[in-house]
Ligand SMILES: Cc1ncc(C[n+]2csc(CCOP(=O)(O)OP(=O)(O)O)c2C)c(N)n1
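In C-alpha cells, the next block holds one chain alone, the form predicted alone.
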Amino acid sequence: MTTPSASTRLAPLTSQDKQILQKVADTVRVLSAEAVEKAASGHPGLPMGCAELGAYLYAYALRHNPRNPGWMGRDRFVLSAGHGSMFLYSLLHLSGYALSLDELKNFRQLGSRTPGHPEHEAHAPGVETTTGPLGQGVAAATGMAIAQKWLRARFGAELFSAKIVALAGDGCMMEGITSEAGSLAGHLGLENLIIIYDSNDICLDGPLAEAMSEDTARRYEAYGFNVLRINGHDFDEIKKAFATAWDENTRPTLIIAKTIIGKGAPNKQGTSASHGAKLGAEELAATKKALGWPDEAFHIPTEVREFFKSRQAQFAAYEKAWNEKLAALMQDPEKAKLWETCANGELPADYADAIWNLDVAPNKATRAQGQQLIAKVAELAPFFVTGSADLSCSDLTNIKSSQFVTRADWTQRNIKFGVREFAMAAANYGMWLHGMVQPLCGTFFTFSDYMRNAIRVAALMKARVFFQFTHDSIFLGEDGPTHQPIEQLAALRAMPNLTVFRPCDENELKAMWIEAWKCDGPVAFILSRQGIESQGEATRSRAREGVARGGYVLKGEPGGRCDVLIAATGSEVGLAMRAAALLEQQGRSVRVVSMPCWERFEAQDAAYREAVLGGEVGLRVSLEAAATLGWHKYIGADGLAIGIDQFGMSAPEKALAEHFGFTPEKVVERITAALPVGA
C-alpha cells in the first residue's frame, strides 16, 4: 500500500470546511480563556492566537488516532511553548482523546490531568512529552525525529514515515537549546521534523522588538531548513504550508506563522496583557460577544462535536492502514523478531549473566572499562543507541562495532550530537519517548550542568535515558578547575527520580549495567578518567548484590564493633582500602563500605542499612573526591567527611592527590586526628 502524498491527502478546503474549522478555532479560544479565568492563572494568549493552526492540525494534518494515543505509526505533536497548555488540552478533548470536559474545568488544580504545563501521558493521553522550560520541546521533537529515522533504516519507510510537529513561541526561539536543536536537525537532514513558529511579536514583558531583532528565517535557512511564511489565521495558507511540509523529503521545515496573540479578545489581543494572566470577567464577556458565543460556561457547539465525531473513522483508518503494513512486515521472521525485541525493549534471558561473566580488563579507568561493556550491551540489545557531545573518543561512549550516523546512513548506532549538550540531553529523552530505542549519551561530568534542566525533565517523566559522565573528579588532572567536577555529584543526587551510580572498579561497573535497566527513570553513570585499582575478589564476590542494594560492606563485617568505618564511592574506594590497611597496622579495626548508589541504598530496609553502617563504631568517615554535602546523614553530625569543598587546580593527578589530601597517609592522618582521645 502506497501512502498518498500530503498534497493529495490534504485536499483543498471548501467554504464549509473553513466554516467548521473556524468554529473549532473559536471553541479553542473560548475554552482556553474560560479555563484560565476559572483557575485565575494561566496563559490565554497562545491558545487564542494559534487556534486556527491547532484546528487544522488536529482535524486534518496529523495522522493520529485519539482512540489509541500510543499507536507507533502516528504523527506526533509537541507543544514546546508549554505555557499555552490549554491549546493542547482543548484540542485533545475536542478531537476525541480521553480527556474530559471536567478536566478542562479543573485546569491547574491539585490532582487534575490538566496541569499548568503539559505533563507526559501519565496525566493526559496525547501529551507526547512534558514541556514548559522553553525550547526543550523543540529538542525533544528533534530526538523523536532522530529515533524515527533510525527505526526507518531497520523497518522501512512504510512504517516510519510520520512527522514530528513542534509548536514554538518567541521565547523558544530565543532559548539556546532551540539553536542547538535546529543546527543538529539541519545537519542530519531531519525531513520528518516540522517546527511551527508562533510569531506574534509579543513576549511576557512586552513587545518582542525590545528583546529580539534577528532574522529568524535566515537563521533557519542557514541551518538547512525549508522555511515557509504564512498568515497563521488563514486556513488556505495553513493547509498549503502543512501539505508542503508533509511532502518535504530532504530537510526539516520551519513554518513561520504570523499570529495575533490573544486573538478574539477585543481589548487585549496583540498585547502582552493576554500572555500570562486571565483576561478578566469583563474582557471574557467581550470576547464571547465578539465571537457570537453564548454566555454558557465551557460551551462546545454541537456542530464541533459532530465534526470531530465524523473524523474518527478517518483517524481509525490511518492506524488500520499502518497495521496492515506492520502485518506484512511480520511475515518476515527475522524482521518480526527484531520488531518484538525493539517494541518490548526486551533483553535476552541470560543478559545479567552475560554481563557479569564478561572479561573486563582490571585496573583501568572506568570509562575505558565502560566501553567494553557498552560493546557487549550493544551486542545483546539491538535497540541500544549511543551518542556524545563531540567527546566519544574521550568519554568512550561509542559502540566500536558501528560507525556514526550520517544524514545518508541511519543504519549505524553512534550519533554525533556535536557540542550541543543541552539539546543532546533533551533529544535523548525524546528518543526514549518515541519508543523502540534505548538511548545513552555522554560528556564530561562537569558539563552535566549544561544538561541539568533536560535531565530534570527526563526525571519528571521517569524517562529511562542513560547519561554517561566521565572525568568525574579533580583527578582528571591538568585541565584544571573549569573541567574538574566538585558539586555536580551532590546536585544530581538531590534530583528526584534520577539514579546515580559511581562504580569503584570493573565488577561494580558490570553490576551497574545489570541494574540500570531496572531503573524507573533516568540513570547517571559517573566514571573516571584515571585508572582505578581493581578490588578483585572483594568486589567479585560481593558487588553483584551490593550494587543492587546501593551500598555494602567491602571489608570487615556488617554491624558489630569497629574503630573506624570508611564509606566511599568510585575511585576513593581503593583509597579507603589502602587507608584501612594502614589503620590496621596501627591495631585498629576497620570496616570499609562501598556506596555506589545512594538511591538504591535509601530504598533498602532499615535493618540492612543498619547492618552496613551501624553498630558500635568509634568514628564514621566518608571519603569522596567531591563536595561533602549529603554525607553526614550516613556518618552522623560527629562523623568525618573527607571531600573537596573548594574548586580544584590544574596539576598532574599525583600532585593533586597530595595537595588535597587524597593519599592513604594523609587520609589516615586525618582519621587519627579525629578519633576520640584514647581510641
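Here the structure is a predicted model, which is why all the values come from computation and not from measurement. Residue numbers run from 1 along the displayed sequence.
Quick note: we don't show the form predicted in complex with the named molecule, though the next part is all about it.
The listed set A33, A55, I642, L46 contains one residue whose heavy atoms approach the named molecule in the predicted bound form to within 4.5 Å, identified as L46. When the named molecule is considered in the predicted bound form, only one residue from I194, I261, M595, V78 comes within 4.5 Å through any heavy atom, namely I261. Proximity to the named molecule in the predicted bound form, taken as heavy atoms within 4.5 Å, picks out 169 to 177 from the listed stretches 216 to 224, 169 to 177, 378 to 386, 564 to 572. Although the partner is absent here, P133 is a contact residue: one of its heavy atoms lies within 4.5 angstroms of the named molecule in the predicted bound form. In the predicted bound form, D198 approaches the named molecule with a heavy atom inside 4.5 Å. Among residues of the shown chain, C203 is one whose heavy atoms approach the named molecule to within 4.5 Å in the predicted bound form. Using a 4.5 angstroms threshold between heavy atoms, H83 counts as touching the named molecule in the predicted bound form. Interface residues of 273 to 300, taken as those with a heavy atom within 4.5 Å of the named molecule in the predicted bound form (partner not displayed), are limited to H275.
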